[in-house]
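What follows is one chain in structure tokens, specifically the form predicted on its own.
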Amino acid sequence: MKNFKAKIIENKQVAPQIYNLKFEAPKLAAEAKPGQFVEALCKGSGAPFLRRPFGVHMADTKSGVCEILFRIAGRGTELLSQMSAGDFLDITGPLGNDFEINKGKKHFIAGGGMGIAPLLFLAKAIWQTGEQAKIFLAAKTAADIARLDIFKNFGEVILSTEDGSLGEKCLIDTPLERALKTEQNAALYACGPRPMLRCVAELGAKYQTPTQVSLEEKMACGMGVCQGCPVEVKNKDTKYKMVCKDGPVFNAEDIVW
């Protein structure tokens, strides 16, 4: 874990209220793994005191450039959206653990809403092993799905929206279960709202598919000190683990849903 100032290269709106921010961070790009996150300090009038966590959306070791993808959800992210190329962002990271790629499996990636943010980096990592993933992306409406063109570079993309404006009109479990029924050697990786992750975990258990989930949680310190992001787990030694320190990636079967 390191704290540093990163120069912003680009801060671009890629969907309504959704921004993709690129910044120079060679050491972070070299060290970060899919599933890990950073904590950013949002500065400006009315800025929140605590840092905000963001999954590493992409990291390029050659260029030393990293990216985060975020939606404006409050004053902190509003201020972050107003930053421009040439500004410096106060970053701490990489933090947390990462996804373990199950080599030799058929990789199914499932992302809901802004849960897609850390999954592009994972899709690229799988692609770099010489394998490809089926990428299931879901949201309420088409406007909520960002970076679709980039996801398509790393695997087959299956889309679903609640209003039917893009892809199939359904929740993510419908196409995902169809795929699991026909594939006996799959591995599941997911990030999104807790109800979605619970559903994905149930499908993983039903089809005996190893399932890793990245939990979305408010993580104030990012290091487990503040004890503000507990998740109940099936563990004889401890009832709770901290999402920031022990996660954010967990085996789905270990979580008390």
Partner chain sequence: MVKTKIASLELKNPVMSASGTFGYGKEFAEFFDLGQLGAVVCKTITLKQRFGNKPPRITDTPYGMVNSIGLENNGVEYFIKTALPFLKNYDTKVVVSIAGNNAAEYGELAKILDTEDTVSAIEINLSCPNVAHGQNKCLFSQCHISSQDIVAQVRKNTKKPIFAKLSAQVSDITPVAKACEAAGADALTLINTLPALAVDLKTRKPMLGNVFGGLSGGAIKPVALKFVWEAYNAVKIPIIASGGIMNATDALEFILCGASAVQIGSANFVNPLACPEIVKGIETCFEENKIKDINELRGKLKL
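Positions refer to the first chain, counted from 1. Only a predicted model underlies this, so the values are computations on that prediction, with no experimental measurement involved.
Although not depicted, the form predicted in complex with the partner chain is the subject of the following passage.
J.: Looking at 185-193, 61-69, 213-221, 200-208, which stretch has residues with any non-hydrogen atom within 4.5 Å of the partner chain in the predicted complex?
T.: Selected range: 213-221.
J.: Whether 109, 252 and 256 jointly form a contact site for the partner chain in the predicted complex is the question; each needs a heavy atom within 4.5 Å.
T.: No residue of the spot touches the partner chain in the predicted complex.
J.: Looking at the partner-bound form in the predicted complex, is residue 15 within 4.5 Å of the partner chain by any heavy atom?
T.: Output for residue 15 is no: heavy atoms all beyond 4.5 Å of the partner chain.
J.: Indicate whether residue 77 is a 4.5 Å heavy atom neighbour of the partner chain in the predicted complex.
T.: It does not: once the partner chain is placed as it appears in the predicted complex, residue 77 has no heavy atom within 4.5 Å of it.
J.: Please determine whether residue 22 contacts the partner chain in the predicted complex, using a 4.5 Å cut-off between heavy atoms.
T.: Residue 22 lies outside the contact set for the partner chain.
J.: Heavy atom to heavy atom, is residue 160 within 4.5 Å of the partner chain in the predicted complex?
T.: No - in the predicted complex, heavy atoms of residue 160 and the partner chain never come within 4.5 Å of each other.
J.: Who in 225-244 is close to the partner chain in the predicted complex, meaning a heavy atom within 4.5 Å?
T.: Stretch hits, in order: 225, 226, 227, 228, 230, 237, 238, 239, 240, 242.
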